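In the block that follows, a single chain appears as structure tokens, in the form predicted on its own.
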């Protein structure tokens, strides 16, 4: 009887394991399915317009789109003004956010128990949860109204930079916490100035972790539309002047959405934006994997 009871217990555990495995697989499929459906739909609808010309030509107007649709042709033109505007604003935002974020992260790491560090950490966490439209409104009131006196790439990059800060700050702090304290102590024991220990030992050692946070921060802001509507506004021409209104891929998608003749451009622009964001996320994942 004892042997039979043991066999029943083993069979019961096996059945429970199989049920649990089935639930894990089911919920995994449910989680992945929307992503697969979105990607497949974007590819199905957007691949036709993707071409080299799509990357190097300016946005077409409504009349060009109407003529192309009437002749059953692809809509001419591209979104180079949006691509260059996105690159310009992301670069400007990175120039602002990366140094400030890393320095703030170092401060939090070195002063973990001080009230100022705790306050800064709390503000950073709160900032990460603030809706992007609110940050766009703040940037409008601070920069557009009082600094640039108009919509501009500078105002847009400021809004994106504010959005990037929390992730860079937290990733910097957490990365430095993972570095053995003995490395820092060894450098200081040799008489090396603290700033050289920081830039010559700690940051290079945690470079992959810092880069992962930076890439994830960039991938987060590169698809934002709401803050740019209140700061960069958009432009139908190629603009490299940071003091003037500038377009971006998300802004173009919104403009295409408001024009029924530009439906095909919506899908193609969305597909390109998804590819860019996916590339940043995969790069961040690869950098994180190399860190182990």
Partner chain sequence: MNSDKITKIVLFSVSFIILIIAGGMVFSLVGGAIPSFKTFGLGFITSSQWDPTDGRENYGALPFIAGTLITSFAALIISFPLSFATSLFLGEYYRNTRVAKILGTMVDLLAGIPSIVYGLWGFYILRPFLIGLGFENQGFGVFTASIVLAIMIIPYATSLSNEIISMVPNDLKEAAYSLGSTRYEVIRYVTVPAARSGIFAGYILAFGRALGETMAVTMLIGNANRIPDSLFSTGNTMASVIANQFGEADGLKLSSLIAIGLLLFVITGIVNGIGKMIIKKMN
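Residue numbers count along the first chain shown, from 1. Note that the structure is a prediction, hence the values are computed from the model and not measured. Take the two forms, find the largest set of C-alpha atoms that superpose within 1.5 Å, and that set is the rigid core.
FYI, the form predicted in complex with the partner chain isn't displayed, but the following is about it.
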If we define contact as a non-hydrogen atom of the residue within 4.5 angstroms of the partner, is residue 27 a contact of the partner chain in the predicted complex? yes
Looking in the predicted complex, any heavy atom of residue 171 within 4.5 Å of the partner chain? no
Just checking whether residue 273 would be counted as a contact of the partner chain in the predicted complex - the rule being heavy atoms within 4.5 angstroms. yes
In the predicted complex, is there a heavy atom of the partner chain that lies within 4.5 Å of any heavy atom of residue 148, even though the partner is absent here? no
Which one, 81-89, 207-215, 186-194, 173-181, holds residues whose non-hydrogen atoms are within 4.5 Å of the partner chain in the predicted complex? 186-194
Residue by residue through 117-131, tell me which have a non-hydrogen atom within 4.5 angstroms of the partner chain in the predicted complex. 119, 120, 123, 124, 125, 127, 128, 129, 130, 131
Cα displacement of residue 14 between this form and the one not shown reaching 2 Å, rigid core superposed: yes
